[in-house]
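Starting off, we have a lone chain in the form predicted alone, written out as structure tokens.
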Amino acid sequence: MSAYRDKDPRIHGIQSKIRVVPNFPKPGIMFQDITTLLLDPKAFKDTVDLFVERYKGKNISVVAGIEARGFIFGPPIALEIGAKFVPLRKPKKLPGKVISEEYELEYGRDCLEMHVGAVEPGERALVVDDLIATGGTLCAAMNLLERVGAEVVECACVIELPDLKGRERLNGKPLYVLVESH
């Protein structure tokens, strides 16, 4: 599901503020730069508002944001829907005891970590990131949350690169995106 397909009038304003940077960080990559979206207070607010409108009243108790850009969108969503924010971080960034989930990337392996005890069994979680490409990071985030007994309600991303088929890797878990980029 996507707001893009729902034709919400705010989507055009959001999409027009996302800059595409060719050949960054390496040749052949068309980098979707959300920093230009953040420079426009209306577009940034519209982005957060669209997610809040979708998730308010859905009994979500955890918003899990993926490092780093999930940290931009996750906290304001969590505050508005009355949920806690749980950061999912790269290795060795969180003090104390953590639970880890390794995952495959197109170019190697990576890992996400979460504090032990940050999420309790039975909590309803939303996973937030800026973009879904191949889906590896979102899958790792969902696995991490489900391993501690959370129910992942949905994943939410500002941008989807549908040509990379990341949605297919989510094993039927709902994904909500605002814009698609081809």
Partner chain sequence: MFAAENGLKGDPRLQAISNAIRVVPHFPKQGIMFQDITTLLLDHKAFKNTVDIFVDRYRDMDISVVAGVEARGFMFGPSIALAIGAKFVPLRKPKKLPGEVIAEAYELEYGTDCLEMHVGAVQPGERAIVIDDLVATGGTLSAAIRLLERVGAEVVECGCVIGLREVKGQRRLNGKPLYILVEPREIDGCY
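All values reported here derive from a predicted model rather than from experimental measurement. Numbering follows the first chain given and starts at 1.
Unshown form predicted in complex with the partner chain; subsequent notes refer to it.
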Original post:
Which listed residue (R147, R54, R124, H115) meets the criterion of a heavy atom within 4.5 Å of the partner chain in the model of the complex?
Top reply: H115
**OP:** Evaluate K92 for contact with the partner chain in the model of the complex, applying a 4.5 angstroms cut-off between non-hydrogen atoms, and reply yes or no.
**Re:** yes
Original post:
So, in the model of the complex, is N59 in contact with the partner chain at a 4.5 angstroms heavy atom limit?
Top reply: no
Original post:
Do R19 and the partner chain share at least one heavy atom pair within 4.5 Å in the model of the complex?
Top reply: yes
Original post:
Does at least one non-hydrogen atom of F71 fall within 4.5 angstroms of the partner chain in the model of the complex?
Top reply: yes
Original post:
So which bits of 25-53 sit within 4.5 Å of the partner chain in the model of the complex, heavy atoms only?
Top reply: F31, D33, T35, L38, L39, P41, F44, K45, V48
